[in-house]
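Quick heads-up: it's one chain on its own, the form predicted on its own, in structure tokens.
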Amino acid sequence: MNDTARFDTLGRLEDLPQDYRDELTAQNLVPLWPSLRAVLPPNVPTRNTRPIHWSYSALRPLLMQAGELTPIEKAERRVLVLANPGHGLENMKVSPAMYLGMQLLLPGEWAPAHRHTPNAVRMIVEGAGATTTVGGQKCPMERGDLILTPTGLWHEHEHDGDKPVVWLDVLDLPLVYYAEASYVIEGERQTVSPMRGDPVYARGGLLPTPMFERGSADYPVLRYPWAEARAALLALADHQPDLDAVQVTYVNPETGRDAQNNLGFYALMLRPGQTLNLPARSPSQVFHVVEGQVQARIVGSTFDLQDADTCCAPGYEAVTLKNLRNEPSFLFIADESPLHRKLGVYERRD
């Protein structure tokens, strides 16, 4: 008996007498078998995540208009959420575990300090002169930089420059919200520590020697400069010319594990004119162009991505990326791999 035939043999809710159903409802009981295949479909999970593309050139004017319409005091965080319609726009998520938002900070503004349970990162899209202070560490925000704001750490944003600064927020908010563990606490301006981790851990394979006992921070690095990631990709491509996927992973340099708890973050370089076929894997993925022009083919959709464009791919689907330029293109990728590995459901299907 094939899966379709087996599905057809399962009893339906309407096959049960109405009085029996009413009695179940009165006692908050639900029969499983009529809905079994909805929660356990054969072979491939049910996915609401759709392939979607957000054009930065199209959303940027709306983000700047938000800056005119809503002062920072009324917004706290001035963000346009990149919502996947497959999950319902009102649910404000791009995939089961990922939230995306484009955030705007104007010259002279301060987004006040708070801390919350969801983990967040900031991928800087444009502008200069702003800083994010996380756990007392003041991190410059320059295009392509990745800045962590892990769960429970105080963070605030301040802009002393003269042009708008925009960044892409990536949070595990849908996961934490689903677990009924999402909340925020407001705070005051932080006292800035003179120490930052990114200069100390800037060279691969080299760690500070613990000659004296030092505190072990859960997140020794909060800012990953784009200049370092870009240089690492170029060096990797030069050293391994036959390597297909020129990609690096953002990790905790003390442990070698993913930079944050539930989501994975990567930088990928496509050589001039390169086409890269990524295998189908269980986690959903987000692709954001830091530099270049890339065509992404996901399921039945094809997206031509320009600088600062973003798209997403559902899990269990192969993705093809093609560099449309005669020079390298660079992408930032976020996915749910760490979460899937913790749950024991991570898969790759070739």
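Bear in mind that the values here come from a model prediction, so they are computed numbers and not experimental data. Position 1 is the first residue in the sequence shown; the rest follow in order.
There is another form of this protein, the form predicted together with a small molecule, and it is not shown here; the text below is about that form.
**Q** Whether F265 contacts the small molecule in the predicted bound form should be assessed with a 4.5 Å heavy atom distance threshold; does it?
**A** F265: no contact with the small molecule in the predicted bound form.
**Q** Residue-level question: is Q103 within 4.5 Å of the small molecule in the predicted bound form, judged on heavy atoms?
**A** Yes, contact at 4.5 Å.
**Q** With the partner left out of view, is K138 within 4.5 angstroms of the small molecule in the predicted bound form by any non-hydrogen atom?
**A** No - in the predicted bound form, heavy atoms of K138 and the small molecule never come within 4.5 Å of each other.
**Q** Mark R143 yes when one of its heavy atoms lies within 4.5 Å of a heavy atom of the small molecule in the predicted bound form, and no otherwise.
**A** Contact with the small molecule, no.
**Q** Quick one: from K163, R77, H87, R189, grab the residue that has a heavy atom within 4.5 Å of the small molecule in the predicted bound form.
**A** Filtering the options by heavy-atom distance leaves R77.
**Q** Among the candidate residues L276, A83, V248, L173, which is the single one with a non-hydrogen atom no more than 4.5 Å from the small molecule in the predicted bound form?
**A** Among L276, A83, V248, L173, a heavy atom within 4.5 Å of the small molecule in the predicted bound form occurs only for L173.
**Q** Any chance all of Y99, R122 and H155 sit within 4.5 Å of the small molecule in the predicted bound form, going by non-hydrogen atoms?
**A** Every residue of the spot touches the small molecule in the predicted bound form.
**Q** Which one of these stretches, 110 to 118, 225 to 233, 202 to 210, 249 to 257, sits within 4.5 Å of the small molecule in the predicted bound form when only heavy atoms are counted?
**A** The contacting stretch is 110 to 118.
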